[in-house]
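One chain is shown next in structure tokens, namely the form predicted on its own.
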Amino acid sequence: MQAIVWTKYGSPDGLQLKEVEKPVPKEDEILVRIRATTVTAGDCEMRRLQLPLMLSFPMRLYAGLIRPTRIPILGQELAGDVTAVGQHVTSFKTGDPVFGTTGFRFGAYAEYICLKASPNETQGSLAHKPATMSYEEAAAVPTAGFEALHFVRQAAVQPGQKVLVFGAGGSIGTFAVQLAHAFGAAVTAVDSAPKLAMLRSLGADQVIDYAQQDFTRNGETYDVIIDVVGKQGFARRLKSLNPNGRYFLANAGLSHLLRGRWTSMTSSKKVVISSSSQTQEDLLFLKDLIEAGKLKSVIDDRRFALAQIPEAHRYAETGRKIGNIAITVGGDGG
């Protein structure tokens, strides 16, 4: 089978299309013919090994000190068809369309992958694909959907609350806007001008072009802020949070950790920096919302094939993508 093999840390040049051995499922696994995968910010950070300080060195120890050896193939999300099942598997059968994540093993940049039929949190999550979605749309759900759901649940978003999503036009942001809207909040979405119409269509009550307006200076305050971007301006954005409000930070550096802890200790505002658990229960919850018409994937207009994954990584790092970057793995992915 063909796969994009991770040969070195650093630039996308280290991702190379190669012929590798097709896996064989164990007794508790299924073999999935991957129809679609994605390129996420997490994939790019992993490739560069540009991770938070507390993760970077342990991950290098795990993946390989000099070059990646334990994780030969990147890719966290997938959708495809079951082509074989282990003898102890009863929850899936050959021909079932499925979607999910691979956990810490990665491996979705390939034509086939073996996955546990009943994975634990470190092994990812797996469920039958929503019938209303294409393979590309389904592949884009889990990672960003889990994070957005984690933020909205941790904030205990209630009808009538004011929620602001900063960096709303990306993968996590587009799901966060929809989930906050589904939970009854009044949602303000902040991103660049080309993404604003799309964000309105997802349920945002107000949209702000950050290049034209600084929302921290308009006098508005919010019960919940979901900051997908982080970077500079965190302290200023924190001032737009109501007393007893919750500020969720998706991409935190050391300075954010220190400032967030200090804010949580010395005021009624709470800064939350944590990641979601990738459980099948949450994946099924997201699937129910999808099939009820309350949640959908936003896919960037630029589409890529398996062999073009290095190019997709370069595009992801420009910051211009809208929603998710989908990769079609053979066929039409329909």
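Numbering starts at 1 and follows the sequence shown. Everything numeric here is computed off the predicted structure, so don't read it as measured data.
What follows is about the form predicted in complex with a small molecule, which we do not show.
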**Item:** Listed residue that, although the small molecule is not shown, lies within 4.5 Å of it in the predicted complex (heavy atoms), from T188, T102, Q178, T143
**Value:** T143
**Request:** Sort through C114, L238, V207, V229 and report the residue having a heavy atom within 4.5 Å of the small molecule in the predicted complex.
**Result:** V229
**Request:** Have a look at 64-72, 37-45, 290-298, 23-31 and name the one stretch with heavy atoms inside 4.5 Å of the small molecule in the predicted complex.
**Result:** 37-45
**Request:** Report whether the minimum heavy atom distance between H150 and the small molecule in the predicted complex is within 4.5 Å.
**Result:** no
**Message:** Just checking whether G173 would be counted as a contact of the small molecule in the predicted complex - the rule being heavy atoms within 4.5 angstroms.
**Reply:** yes
**Message:** How about Y247 - does it come within 4.5 Å of the small molecule in the predicted complex, if we only consider non-hydrogen atoms?
**Reply:** no
**Asked** Is there a heavy atom of G169 no more than 4.5 Å from a heavy atom of the small molecule in the predicted complex?
**Response** yes
